[in-house]
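What follows is a pair of forms of the same protein chain, given separately as structure tokens and numbered structure 1 and structure 2.
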Structure 1
């Protein structure tokens, strides 16, 4: 409870600072005040591209003329980004724009008072953007009736899949990848025949345990379930979203854990997988991994095709979206890629106006998505063509992590992206709206139990998921005992209450 108090207190101090004169509002009397030259602080997640300074200089030439401002682009890096994100939003330092998503806890931060309400700023500071974004998108990102982020409108699918070396599949005369059985045949062939290569190698744990097993568990082994399964051991049925089942401790859970034990015993990943810090993207592109699962989606697949096609033209990259098997897929929710204006912003109107430029102005948009034309890329009859290669380019496509200001009218794609478009076209045939990612879980009532449960997951569940526990059934029983002691049942009860309230609000039956 102490941590909850501290978190709330920090926001209270910051909000007090803002309304005591710390904020320099530049939207007054229905107008955006551009009279004073200012510098905006812009924060994004991840790692900065090598030529960021060059891009920043070019953006500032435009912004100085258009909005009488400059902008400083800042990055968290991917290391401990969650903690850094929290510190940024509680420190009180000037931040004028910051990336938001459901996976950065947008709804929770909005509910806690971290962001400014935008419904009275956007129409004045960014009228073109205000009409460009459809009303249903604005409505979808509301929290407690207010808009706290500017959503991206590009329709994309980020569903997981199995990415692998198609040339190796052909080399060993394996069947096409289209099921868990064919995936296992591929992994077995790599383990037996490619001694310098690990079949899978993506380490890392999160609130749900070993990250790598989630996509394949939810989207291939149990296609009836919501892809975000599980939440504190609860799983919802896509056909009956209101109904949730107990997955942890079930026969299905036990069988899944036994499968991961078999994969570990067969050498599909290292015995030290949970502590691995190796970048799986770099390892796969360098030929050290036979396949990837965690965090893979059609766009990331196309990026590997570009890089590996340049560096190793004799290699082929294959990709099997799990949704081809399940026939269940949803386009991303409007909360997935957005930008908010924190309460510590000094110039909220100017920040929103700059974001409008990034989305709506072709010069800003192309510059920050693809770099300087002729230096970093060329426009080859409507296709993006990177100059140099992955090692020499100082600005690769979307390397500013510019997902939130994609504009379909200005987007350039590598010819390999036609593969992604064909996947999206196939998804369009059976996609349905995302009912889940608009749910704003408020875990304040069970924060202390949640913290305790995450420790139990890390200590007992993650090793089970990584196949490192010899007696799987005994290990699962021990995990359930410890999870209940940590407060699992109290969490589930309150979580279900919130879920039912959300279903009522959204008329989900």
Structure 2
């Protein structure tokens, strides 16, 4: 008995140790306290560039003079980064700034109290940054009424399109790609004339089921819809964001599935596509695929153009962004790239002030984005030019993964980016703010149903989407029965409740 008591006492002491972080603040009485020399801990995702030490030294020279601090840039590497991210935030080790994004679960961590509220710190420690970031950006990253991250203002579009071989289109005298019909004609021609090629390649099942054809479904066949097509069968209406329709089991869904069945029967994709682990990017670049659909945004397209232009100069890559047809496009949501101050930070004011320097000060900004001028890059008439070659360069463009402190005014681009820019300029004409990506569902209330539903999707919906089921209508009915049994309706109603609450919070009508 005595021993148990002792043990529990010991345990209690340890626990209280761990959690007795205590609030530190170096912003008091409306002023930033710079009197003490400190070292800040920065955490970023991904791998560190080879010449990080050099850059860090340069930044520290500047920072010591400006803010009486030095900074250490730490990287999670891409191996198991999400687990490490979680450990960093839960272990309570000192971190002064950490990268956030909707894909690192920014909203969830913010809700659970991992980050400091910034609205009282930023105006004092970083007044310039405070006004530089527009009001609507600050509002968009709010979680439960508070700002927990400093959003980035560089406007980029991560929208998918249809990537194909323009040289083959010309060879077979096909019309220009601009609709689902012309896409089908192209695929048909490849299937007939290019026996060594697979007309369309993509593989594997995503976390929410087999989604290869989903971008086409969402963006070409139902232009009224927005991209949120994979939320438990609910589709949002672009003209009326509050409303979500039931897509699964609908007439449209059935027609779409019949179309995929036809595509599969015509041999547009491999029969083993559900279990394929092939990398579509590599396969396309090697000339094994006629076209790609999912995840092909303008930047990836331009990369294919560069790589294939080098290896196969006689090939030509074509690209048709679905948004050209739908006239719906949103720049990435402000939460996409940001930096937050975790509660374990000892010097939140200093951290925010340094972040302001990275964004607003040209010296810091260029240094951390492009490296040392003359060593890593040169500024060639406003274009970025890397020195040395990609394999051996110690600091490639944005290799510090500095996405969150890009400043549109200081950015330098490679000439090849002009291609992307031209698409972006086109998008600018009809782009509207993204309303959806700031929303992050909290699936704890329906965790078990969600798991069950994912099983059902993998078992019944994936083969339907891959066009492997003979009787599409019966297959869809079966899927709907199973999905309902797994708890689809409960998930949807809870999901919608959260969505409405978010709409209210963000004033979305």
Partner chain sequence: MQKKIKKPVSELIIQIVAIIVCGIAALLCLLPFLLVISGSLTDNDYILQYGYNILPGKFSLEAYQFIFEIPGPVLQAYGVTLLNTTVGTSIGLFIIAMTGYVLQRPDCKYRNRISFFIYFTTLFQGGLIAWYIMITRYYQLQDNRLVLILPLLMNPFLIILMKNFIKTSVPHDIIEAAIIDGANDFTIFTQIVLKLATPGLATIGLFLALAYWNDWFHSSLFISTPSKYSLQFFLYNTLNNTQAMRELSQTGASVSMEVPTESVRLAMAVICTGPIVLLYPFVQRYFVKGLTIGAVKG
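Positions refer to the first chain, counted from 1. As the structure is a computational prediction, the values presented were derived from the model and not from experiment.
J.: Of structures 1 and 2, select the one representing the form predicted in complex with the partner chain.
T.: Structure 2, not 1.
J.: Among 421, 258, 189, 138, which is located at the hinge of the rigid-part motion between structure 1 and structure 2?
T.: Hinge located at 421.
J.: Smaller rigid part versus larger: rotation angle between structure 1 and structure 2, in whole degrees?
T.: Comparing the two forms, the minor rigid body swings through 21 degrees.
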